[in-house]
Every structure is written in C-alpha cells, then in structure tokens.
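Taking the form predicted on its own, here's one chain by itself in structure tokens.
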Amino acid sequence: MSTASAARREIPEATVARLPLYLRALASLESRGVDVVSSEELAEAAGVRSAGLRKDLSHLGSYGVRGVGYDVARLSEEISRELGLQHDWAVAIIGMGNLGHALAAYGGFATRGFSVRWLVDEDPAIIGTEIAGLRVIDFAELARQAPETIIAVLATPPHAAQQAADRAIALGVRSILNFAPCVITVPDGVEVRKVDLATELQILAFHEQRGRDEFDDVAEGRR
C-alpha cells in the first residue's frame, strides 16, 4: 500500500481500508464484461453504502459521470495506482508451520500484485525443504537475497513473533502482515496489519448469540 501517496492525498485510513474491496468488486465486474457501473451497483458488489462509496472515491478525485456511472477499467486502474499495485511487491512468509504452508500455497497473492519470493524459517529440519515450489531459507540467506523493499508475512507461533519481526525489521522491512495471535512492538516508520482469525470468530459468535437472543425474545412474546 502506498502510504506516502495516501498521506499526500490525505485519504482517511478507513477509506484506504475499503479500496481493496472496491478493487475486488471491479475485477469481478470486469471479468463479466461490465464496462460501466453505477455507484449503487458497485456499492452493492463491495458490500458498502453507495453514499460512503462516492465519498471514498472522491478522495481519489474520481466522481464518475452523473447519470452514467464509473468506467470500470479506469476506476480499477486509479485504485490500483493509489494502492501502489502497478508492480509486484516482493513478499517473504516467515514461519513454515501449517499456516505458513497454507499461505505459501495460496494463489491469490499473485493475482493481487504480490509475489511470494521467500519462505523463511529457523528450524534446521525445515530449512532447505521445498514448499509450493520455493526452497525454505533462514534469515541469514534472506539478508543476502532480499531487495530493498519487502513485505513480511508473519505466520510464526506467538512466542516467536516478536523476534521474527525484529529480525525482519533489521533487514529493512517496513511493512508487516501479522497472523500470529499476539501483539508485536515495532519502531516508528514500520506499518503492521494484524489478522486474528480467532478474534473474527468471536465477533461472529457475538452476533450469532445476539440473533438467537432476539429470536428467543420474539418467541417468548408470542406465547
């Protein structure tokens, strides 16, 4: 993600977080041969409100054509440019347990502007093995191979996440996607996005329980 570009345009963080949703919806529309889409149709495809979508896109300077809508290919290009997806970003997945294996085999990275080039682990039993067509290396080899710009994906156990993050940052990593179920501390200038599957399930459980309670209340009222 082009943080500098977002800051330059003063795009709110909440808007930046929704841009990938719009991009995914546009890709689906483009694959179906749709050339022009209204804000209502795009909002429905992205799962947001149309007024919010129009406000978000206005931060990009994209307002569409009144009575016509948005040019799908052009808007997709604008969002891709704002997100910094005009070229592939190099990715290193750190931690080759079950989750690391699954992420390495995930084909969606390549279609969204990310190239997984390194799989990293410190377990001698895993280093040198091949996963999803890539040889697992250690941090020392990553230091020799990695370019200046790299995005790290942490898939380590929680007890190893901080050390893995520290070592990645020491190599110049400034963007981290953290799948480990813990909070990591990073210096200023390093961006961390956390993916916590258990937390998301707990939120779903909350809504599921609330729905059941409301159903029970309605049922009680009918008796």
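On a predicted model such as this, the values are computed, not experimentally measured, just so you know. The numbering used is simple: start at 1 and walk along the sequence shown.
Here the subject shifts to the form predicted in complex with the DNA, a form of this protein not shown in this document.
Enquirer: Would V37 show up as a contact with the DNA in the predicted complex if we use heavy atoms at 4.5 Å?
Expert: Answer yes; at least one heavy atom of V37 falls within 4.5 Å of the DNA in the predicted complex.
Enquirer: Though only this chain appears here, would E13 touch the DNA in the predicted complex if you measure heavy atom gaps against 4.5 Å?
Expert: Contact with the DNA, yes.
Enquirer: So in the predicted complex, is the DNA close enough to R49 to count as touching (4.5 Å, heavy atoms)?
Expert: Output for R49 is yes: heavy atoms within 4.5 Å of the DNA.
Enquirer: Please determine whether R167 contacts the DNA in the predicted complex, using a 4.5 Å cut-off between heavy atoms.
Expert: Close contact is absent here: in the predicted complex, R167 is far from the DNA, nothing within 4.5 Å, heavy atoms only.
Enquirer: Counting any heavy atom within 4.5 Å as contact, can you tell me which stretch out of 167-175, 153-161, 50-58, 188-196 lines the DNA in the predicted complex?
Expert: Flagged stretch: 50-58.
Enquirer: Kindly indicate whether H101, A105 and F139 are, all three, within 4.5 angstroms of the DNA in the predicted complex, using heavy atoms.
Expert: Not one of the three qualifies.
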